[in-house]
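Taking the form predicted on its own, here's one chain by itself in structure tokens.
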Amino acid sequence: MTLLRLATCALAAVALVGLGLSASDEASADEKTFISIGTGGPTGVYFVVGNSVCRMVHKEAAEGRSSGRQHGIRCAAPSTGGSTYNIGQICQGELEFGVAQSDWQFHAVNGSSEKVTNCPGLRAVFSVHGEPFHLIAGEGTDIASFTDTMGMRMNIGNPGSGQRGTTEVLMEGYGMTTDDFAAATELTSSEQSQALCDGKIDAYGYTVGVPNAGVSVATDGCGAYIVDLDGEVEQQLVADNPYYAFTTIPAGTYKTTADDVTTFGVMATFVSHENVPEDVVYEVTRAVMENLDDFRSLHPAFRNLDPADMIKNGLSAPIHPGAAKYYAEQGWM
């Protein structure tokens, strides 16, 4: 059993306790279906997405209660390396579900990038929130564009993360390499804001939903600010790629966001694999959609989620048959 599976089982056991369920209350663990969801750093929205899905799945579970679904599914959503890591682990059968940026979903299915596992069996379930790419600069750095990071200490993100991939896409667009930085660090999303405040780096790129607690550590805590990214390179990226779009981070989102910030971004998507059983994906999809008001309340980034958008926006992989079955029952497809 892999370490990830051991961690998944342990977290699932914790979830059972939280539900007031135990081995004595339930049938044997062999009759349960344990699923694991790849997320991201513990301060990021991906971690909230995965654990919110688990919360809805467990809310629906009827075993030992008078109402609900007799699906037998138990769920865990550990912190992981992010988008490309999650896709790789899904395709290896180590994760049943994961959260991934829409661009990496596209590249995985189409085999169009060496930065993510080629995975034609990847399947879409639904999209979640929009994710602007943030270029966050330290107070006093005078960074006003992506090229201004040249000669700076730039955190490009940990290998396997969506932020690392998107940062590298921008670097390629501007003809830059890591040699153009005074230092190119590989800190995770949970480390980078404090590093900026501690003066260890000058800037970092971060693809994440709005608002984000990790971003506020830097903006509200030590005067960092978010840079507009709407130049010719960004405009070309949006024009050439259906998974990118310009978006606005509204004024007032953070203490240093005095004006609207224009940048480009992707969608956070919830994905699985064609080998994951249809009934499992159906129940997970149903649990989220039947409890969408509760799901929306779990993070500000989820506030405006609409099923009409969730079943199409950012989804370049085929819809998993289990999700499609639920959507067809609702008359959405």
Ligand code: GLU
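The first residue of the shown sequence is 1; numbering continues from there. Not measured: the values here are computed from a predicted model.
The same protein has a further form, the form predicted in complex with the ligand, not shown here; the description that follows concerns it.
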property: 4.5 angstroms heavy atom contact with the ligand in the predicted bound form for residue 271; result: no
property: Any non-hydrogen atom of residue 193 within 4.5 angstroms of the ligand in the predicted bound form; result: no
property: Proximity of residue 45 to the ligand in the predicted bound form, heavy atoms at 4.5 Å; result: yes
property: Proximity of residue 149 to the ligand in the predicted bound form, heavy atoms at 4.5 Å; result: no
property: Joint contact, 38, 89 and 119 to the ligand in the predicted bound form, by non-hydrogen atom at 4.5 Å; result: no
property: Among 120-128, 194-202, 157-165, 106-114, the region lying within 4.5 Å of the ligand in the predicted bound form by heavy atom distance; result: 157-165
property: Selected contact from 137, 170, 76, 208, since only one has a non-hydrogen atom within 4.5 angstroms of the ligand in the predicted bound form; result: 208
